[in-house]
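We begin with a single chain expressed as structure tokens, specifically the form predicted on its own.
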């Protein structure tokens, strides 16, 4: 179920009061808010730790990590990229391996071979060599020697590269020599492949560029549909909820819609339970019985316990056993099933109980989700109310408390709606059956439901006051509504914080399997909105790259400067627009640069 109707939690009211939301504490909080000139202003967020990577800034983001490794180890760019791809673009992990196991182990493990000996000289143009693959003598200018020292003809190299690129192994193409783990120079690969397969050269460049996203645990594509072309990079906690610049809010770990306080596993199970036919199966179990002959479910539509299936088989409704058709009002001829069978009765009763339990939690989850959709329409209504109120001659000109209260309502309502799927699995038998005793489960469930009920009551009150027609009230009544909205905004924020603390410490923190159910932390300001990573950094990189030596391939390799970050034959410098919608391919066709490579290849 989508949460697009939630809008964006751009600004939220925060309070520096203690975590006591008693009446006295609230009065003190409100007094402090009244005396503060900025009482209705949300505290601006600090620097964001999440970045939106567009197609243009993807090159800058990749170059940033490449530059760190190149500067530390004094490497060329394609060697630095080979190391980073091997370590999934985790620079800290790469440096840790360097410190713990040394430079030689780091390079050997990643397949990086540096030219350190004089015997690896370029081939003489007038000589001929025999290719060890095709066993033919070829001129030296039609052969290529890699950094590892192995030399083969360009035709064999090209076919090897084409096969690897088509197999999806373009990010780490190894040398053809037996038991050689060296990674081939990407400039050589690009140069040879582009001569006969320019479309594969484009694909190779694209895979190198997007390896920063595909292989990086801190970077993921935005899961928007249709795809917005953006990726998100997080710096700190991987268990977080973020908002892309396209407006989609999602969980970074599972790439599903934002779902805290549910864990990722809980939400996946809940979403599957809501969309598949599992509850239909429960209904069939409760209200039907299988025919003993054809095993199809049969529903009883009369009072007689002798039931006939459409296949013609008669059976007893009480025990499910096959019988004849002769019967009286009190018994079936030749059949008796008066003995109690515990297992079947227990199974039917358990299925009925599970169905009613699911209906209880789902109905409340659905009710709050529907309320979010309806309350999202309040934005336009409240803007009209504020406009009318500001047009009147009144002392109270500041109505930001209304929009702030509305943002708090959206945030609290969303937390409340997802608390029901959490409770369904936390206190059920699917995930934590053997983790708590019956008494412990009952105590914790009562504790959680008390907090849930308090939050629900205050959220409903906040919704009620925000729907008040305050544009027609006098000043005193408007002030009263204002105080109530600020009061309830503080209360709901405190209750949300308390609920998250209860979940993390008293519920998930107290069970052994709770470590597998991490949840995104609660943020009073709402889901963090990722800021765009500037592509202007590329211009600085271009300037610094002028001093780098050219990469000279040996006999058939590229004699052009090394292409930065798999950008192909050219790459942009300076600031550019947010997205480039299309780019002309080598065959005259167009492909969308804002889509992952798999989508482009499929198209």
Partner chain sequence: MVDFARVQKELQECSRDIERSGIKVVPKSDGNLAHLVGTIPGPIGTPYEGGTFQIDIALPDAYPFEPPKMQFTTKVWHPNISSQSGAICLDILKDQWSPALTLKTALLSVQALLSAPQPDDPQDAVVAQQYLRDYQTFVGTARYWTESFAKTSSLGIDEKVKRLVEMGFPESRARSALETVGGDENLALENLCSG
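Positions refer to the first chain, counted from 1. What you see is a predicted model, and the numbers here were worked out from it, not measured in a lab.
Quick note: we don't show the form predicted in complex with its partner chain, though the next part is all about it.
- In the predicted complex, no heavy atom of residue 268 sits within 4.5 Å of its partner chain.
- Mapping the unseen interface onto this chain, residue 513 falls outside it, with no heavy atom inside 4.5 Å of its partner chain in the predicted complex.
- Though the partner is left out of this view, residue 135 does reach within 4.5 Å of its partner chain in the predicted complex, counting heavy atoms only.
- Contact annotation: residue 98 falls outside 4.5 Å of its partner chain in the predicted complex, judged by heavy atom distances.
- Scanning 364, 441, 160, 253 against its partner chain in the predicted complex with a 4.5 Å heavy atom cut-off leaves one residue, 160.
- A heavy atom within 4.5 Å of its partner chain in the predicted complex is found for one listed residue only; from 431, 176, 319, 151, this is 176.
- Partner proximity in the predicted complex, defined as non-hydrogen atoms within 4.5 angstroms of its partner chain, places exactly one of 402-410, 519-527, 378-386, 152-160 at the interface: 152-160.
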